[in-house]
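There is one chain below, alone, in structure tokens, taken in the form predicted on its own.
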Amino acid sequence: MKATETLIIGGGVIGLSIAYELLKRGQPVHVLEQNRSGEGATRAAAGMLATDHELIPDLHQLAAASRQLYPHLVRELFNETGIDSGYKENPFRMKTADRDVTFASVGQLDPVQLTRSLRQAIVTRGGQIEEQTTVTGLLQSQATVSGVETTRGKRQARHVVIASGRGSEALLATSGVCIRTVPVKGECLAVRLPGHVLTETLFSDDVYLVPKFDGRIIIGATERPGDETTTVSVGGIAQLLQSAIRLFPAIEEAEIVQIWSGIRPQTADGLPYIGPVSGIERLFVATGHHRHGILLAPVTAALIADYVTGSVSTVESGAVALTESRRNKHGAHH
């Protein structure tokens, strides 16, 4: 198979956002996804663009930059594909043990619609998306990456970006690069509540309720560290519903329309890994976003595209770089 400029491993919101950004910069891309695009952690997300009150301080600057990118991104995608990403801004009330504050306007969107629009835009722009293809290892010539080995043969490329969530750890290990992420399963459900309109996002210590553009309300999410199963437990859903009813009593009359779970990769310090992999030329990583993959997707894409194309970035990314100190601290480095 003919070599491409950039191979992107992982077809979730992070991988697809990177592919779209690179295509806009005139860079050919080929996305490899072991299942179907957007079917992993992305599908399980509620799509909230979190406030800084929910984020650790080192993420505030990245989050602010990413929020600013979203309105233009979703308009651009709609103009190209006709697919509405469900972006809207509505009041956001945070009611936790130590604060009760309402923000006048916080953005949110529909992750499934967003990935549909990204996928269509990538294909329209000439990018390749190859699904049902598992990457088993990296191809290297000395200390320079040259592509990947897959269950369907070799794929050659000038650059490789690993953006495959939890799978990133095992793939990096095939070239002796060790990071450590913990799987955190999150269970969610969607309900409809005829006759009651929830006009604000509600967020507490135990649960959040997110009203979507199509009338659904997303209730989430449990946090089960170390659990990499894809099942949904009765106990987890019961816990969410009890907390949701306390926060918004009318929800007791709602109809359940969907229940699901997703696995999110979390790093030891709570920060994702975004940037080049030291010691291996032309290899980049974008993983470990945990609950903030949707929020950070546009800025992650911009940063990786800057690295790949050699552009000067206006976003400070030192805190999320895959430095030797982070690698040595969070996973053995061979």
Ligand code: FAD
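The structure presented is a predicted model; accordingly, all values stated were derived computationally and were not measured. Numbering starts at 1 and runs along the sequence shown.
There is another form of this protein, the form predicted together with flavin-adenine dinucleotide, and it is not shown here; the text below is about that form.
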{"query": "Residue (of 145, 209, 179, 135) lying close to flavin-adenine dinucleotide in the predicted bound form, criterion heavy atoms within 4.5 Å", "finding": "135"}
{"query": "Residue (of 32, 302, 308, 285) lying close to flavin-adenine dinucleotide in the predicted bound form, criterion heavy atoms within 4.5 Å", "finding": "32"}
{"query": "Partner proximity in the predicted bound form: residue 167 to flavin-adenine dinucleotide, non-hydrogen atom cutoff 4.5 Å", "finding": "yes"}
{"query": "4.5 Å heavy atom contact, residue 263 to flavin-adenine dinucleotide in the predicted bound form", "finding": "yes"}
{"query": "Contact flag, residue 47 vs flavin-adenine dinucleotide in the predicted bound form, heavy atom cut 4.5 Å", "finding": "yes"}
{"query": "4.5 angstroms heavy atom contact with flavin-adenine dinucleotide in the predicted bound form for residue 41", "finding": "yes"}
{"query": "Contact segment among 120 to 128, 97 to 105, 245 to 253, 156 to 164, judged by heavy atoms lying within 4.5 Å of flavin-adenine dinucleotide in the predicted bound form", "finding": "156 to 164"}
{"query": "Members of 4 to 30 lying within 4.5 angstroms of flavin-adenine dinucleotide, judged by heavy atom, in the predicted bound form", "finding": "9, 10, 11, 12, 13, 14, 15"}
